[in-house]
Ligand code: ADE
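First, one chain by itself in structure tokens, the form predicted on its own.
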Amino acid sequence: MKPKIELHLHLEGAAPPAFIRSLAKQKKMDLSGLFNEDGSYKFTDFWHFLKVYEAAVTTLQRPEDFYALTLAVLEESAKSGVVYSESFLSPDFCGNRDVSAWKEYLHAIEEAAAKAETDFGITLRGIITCIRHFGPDKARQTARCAAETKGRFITGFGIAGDEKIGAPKDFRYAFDMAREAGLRLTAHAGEWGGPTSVRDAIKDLRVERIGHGARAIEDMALVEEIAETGIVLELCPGSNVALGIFPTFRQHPIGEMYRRGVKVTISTDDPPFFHTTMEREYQMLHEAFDWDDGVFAGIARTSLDAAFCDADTKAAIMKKLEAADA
């Protein structure tokens, strides 16, 4: 199995449904309405998905819950050959954006990541992420958590949530705070907000990566600009198809963007919600565009180059990619 790099993964959104049901049972919480008869997550559209996501997160109440979650998620990722992962972490769900409480949760997540690296051979780094529909004031609190814990493990700052609420410029202060702390920057855009949301995120938040960005394809001048400036797209084809943004993998713009020289990467977003894995993403893209091992190896190297980790970590992961190529 070829080694893979994943740059766009929501930690809570990667929680296996059985894991959440087990936590709910332990805590005598009735979350039965969140699941289909087969045990999978149940939602009708993106906005319903956000509600189900946030309801599932209510089972994660203590640092030890996030320790167990991190181990479970990384074990699943490693099964698909992921050797390096960057996960979005939200202090909103870990101590309600209180810096002291957030540090306790972060310590548990880091401990689990270290164990997973030993046990499963996967390296994790964290991108602290504010939630757009929670508003700019809470985003500032989240940015403070990020600035206070920036280091080898916490390497980036971003924004996720409902793209139709507010505008990127509303979150400028939070991003400036994170930038001044030395954090690398990414932002969800171009999933539901269209190409204008991508332009605004690049211009107003000065990010180097865009989470999703697939709908930039509706503005070919923007696609050319992204290719020329080297902005990296954290594309999640399976997520986009599952949510109905594009009908099939073959109709997903990742193929055209790659052809036009855009730095594309491949991720799963919230894999159990969208019934995907990194291995499935690779297989579906191979079937849709006839991509071979050479294309995927190139995308893995693009992803590693775009990763927010330090040089020593990149060098260690590069050795794994080179060994596989050899």
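Being a predicted model, the structure only gives us computed values, none of them experimental. Don't overthink the numbering: it's just position in the shown sequence, from 1.
Below, we turn to the form predicted together with this ligand, even though it does not appear here.
Enquirer: Just give me the single entry in Ala160, Leu106, Leu74, Ile210 that has a non-hydrogen atom within 4.5 angstroms of this ligand in the model of the complex.
Expert: Selected residue: Ala160.
Enquirer: Which listed residue (Phe289, Phe35, Tyr258, Phe49) meets the criterion of a heavy atom within 4.5 Å of this ligand in the model of the complex?
Expert: Of the listed residues, the single hit is Phe49.
Enquirer: I'd like to know whether Asp270 contacts this ligand in the model of the complex, with contact meaning heavy atoms within 4.5 angstroms.
Expert: Contact check for Asp270: yes, within 4.5 Å of this ligand in the model of the complex.
Enquirer: Residue-level question: is Tyr41 within 4.5 Å of this ligand in the model of the complex, judged on heavy atoms?
Expert: No.
Enquirer: Answer yes if any heavy atom of Tyr282 is within 4.5 Å of a heavy atom of this ligand in the model of the complex; otherwise answer no.
Expert: So Tyr282 does not count as contacting this ligand.
Enquirer: Can you check whether Phe296 is within 4.5 Å of this ligand in the model of the complex, heavy atom basis?
Expert: Heavy-atom contact with this ligand at 4.5 Å: absent for Phe296.
Enquirer: Please identify, from 114-122, 184-192, 95-103, 223-231, the stretch that has a heavy atom within 4.5 Å of this ligand in the model of the complex.
Expert: In short, 184-192.
Enquirer: For 52-71: residues with a non-hydrogen atom within 4.5 angstroms of this ligand in the model of the complex?
Expert: Residue within 4.5 Å: Tyr53, and no other.
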